[in-house]
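The chain below stands alone, shown as C-alpha cells; this is the form predicted alone.
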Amino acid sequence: MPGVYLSFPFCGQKCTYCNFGSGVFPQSLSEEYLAALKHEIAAFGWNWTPDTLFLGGGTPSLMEPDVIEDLLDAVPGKPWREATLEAAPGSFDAAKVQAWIRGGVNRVSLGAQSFVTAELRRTGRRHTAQTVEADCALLRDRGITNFNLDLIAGLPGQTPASFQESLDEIARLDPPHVSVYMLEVDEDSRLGLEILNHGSRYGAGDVPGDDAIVEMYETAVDRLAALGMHRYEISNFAKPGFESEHNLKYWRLEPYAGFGADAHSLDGGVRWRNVESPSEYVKRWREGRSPAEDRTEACFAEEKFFVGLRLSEGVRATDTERDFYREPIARFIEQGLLEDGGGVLRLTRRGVLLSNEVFEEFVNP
C-alpha cells in the first residue's frame, strides 16, 4: 500500500546544520499554510488508502493539539499501520501526546542529535540530555513505545570521545530505533556554507575531519549492533520489527504521496515535488494553482540500485541488469565495496563508507 508524507516546515529556531527548506516564519503564515495543506489533501484523488503516514518538518510537535488532530483527520486510512511524527525535544507535553495518539500517531522521531550540551548549543539546539530522557519516559508512559532518536556525527567540537557519551545515553535510554547521520556539508545550510567558504562562524573551524567522522559512525555501527539494533539502511538502525515502514517505501521504490511545501511524490512511473517555499506554497493556494512542479518520469532501472543498495537487504539484480552493469559490479566486488551472494548485491562495510562513489556508477554507467 502507498504512504503519505505531510510537510510542516515551521521551526522554533533554525539549526546551523539544517539543509532543509524549513525555518522560522510568522504565525500568520503558519495558519494559512495549514489551510492550504488541508485543501491539497482534500483535493487529492484518493483512489487508494495509505497504510503509513509521516508528518515531518520542520517541527510538527509545535502544533497545538487540536490543530494536529484536525490535520490528521483529513487523511484517510486511520488507524494507519504506522504513523510517525517528528518532534523536537522539549516541545511537547502529555496533552500533546494524547492528541497525537487520538489523531492516529503511533511512532515518534525525536531529533536528539547529541547528548552533549556544548555540542547542542553550538548548533542552536536548546534541549539537554535530561530533556530527551524526560521525553522518552513521557512517550513510553502514554503508550508510544515505538520511537526513534537521531544522532549526528561531525558536529562542531565533537570528538570520538564525546560521541561515545551520546552512545552511552542511547544505551541507557534503550530506544528501539536510532538514526545516525554523518554531517552533510553543502551550501544549503549555514554551517555547510561557512565550511565551504573556509569561515569560522557556527563553529565551522571546529568540525571534525573526515577520518574522525568515519570513526564515530563506525563506532555507532558496532555499539548499536551490540544493543540489538541492526543496520537496515545506511543511516538507520533498529531492533527487529521496529524498522521505519514508511521510509522503507522510499528505498524500495513503492508509491507515496507528499503534501505541503517541498514534499515529494512517486505515483507509478512519475515523480514530482511541490514548491519549496512555504510562502510560495500558500501563494499558489490563494491563486488556485497546483503546488506541484518538476514532474519527471522515474527511471526505475537506475533508481533500483541508487536507493536499493542503501538497504542492508541489498538488490536482487536480473540477468539483464547484471549484464548491463557487468563492469562496475565486477570492479566494485574486486575492490571490496560490493558482495554478491544468493543473487543479491549488497554494499560491504567498506562499501557503505564509499557508497556515493558506488551509486554514481549505477546512475551514469
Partner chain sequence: MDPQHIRNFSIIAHIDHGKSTLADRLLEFTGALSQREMMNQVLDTMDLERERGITIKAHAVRLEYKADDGQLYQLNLIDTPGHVDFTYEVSRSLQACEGALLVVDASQGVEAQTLANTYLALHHNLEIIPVINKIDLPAAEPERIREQIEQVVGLDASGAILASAKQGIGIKEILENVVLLVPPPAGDPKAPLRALIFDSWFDPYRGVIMLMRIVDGAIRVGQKIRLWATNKTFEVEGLGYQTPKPVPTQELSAGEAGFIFANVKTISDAQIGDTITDAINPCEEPLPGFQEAKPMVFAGLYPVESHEHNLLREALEKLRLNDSSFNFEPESSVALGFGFRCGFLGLLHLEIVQERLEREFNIDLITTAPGVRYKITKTSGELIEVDNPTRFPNPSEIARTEEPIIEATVITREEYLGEILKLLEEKRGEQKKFEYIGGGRVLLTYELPLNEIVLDFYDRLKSASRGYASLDYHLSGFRASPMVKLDVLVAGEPVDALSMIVHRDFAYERGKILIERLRKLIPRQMFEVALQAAIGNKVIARETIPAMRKNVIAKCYGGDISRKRKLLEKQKEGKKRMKRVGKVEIPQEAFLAVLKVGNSGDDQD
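All values derive from a computational prediction rather than experimental measurement. Residue numbers count along the first chain shown, from 1.
Only in words, not in the display: the form predicted together with its partner chain, which the text now covers.
Only one listed stretch (68-76, 95-103, 169-177, 230-238) carries heavy atoms within 4.5 Å of its partner chain in the predicted bound form, and that stretch is 230-238. If you check its partner chain in the predicted bound form, you find no heavy atom from any of 31, 36 and 245 within 4.5 Å. This chain is drawn without its partner chain; in the predicted bound form, the residue among 256, 281, 115, 259 with a heavy atom within 4.5 Å of it is 256.
Of the candidates 329, 337, 315, 62, 337 is the one whose heavy atoms come within 4.5 Å of its partner chain in the predicted bound form; the others do not. The shortest heavy atom separation between residue 213 and its partner chain in the predicted bound form is within 4.5 Å. Contact between residue 82 and its partner chain in the predicted bound form is not found at the 4.5 Å heavy atom cutoff. When contacts are judged by a 4.5 Å heavy atom cut-off, residue 50 does not count as touching its partner chain in the predicted bound form. When its partner chain is considered in the predicted bound form, residue 344 lies well away from it, no heavy atom lying within 4.5 Å. Residues 350, 352, 353, 354, 355, 356, 357, 359, 360, 361 of 347-362 are found to place at least one heavy atom within 4.5 Å of its partner chain in the predicted bound form.
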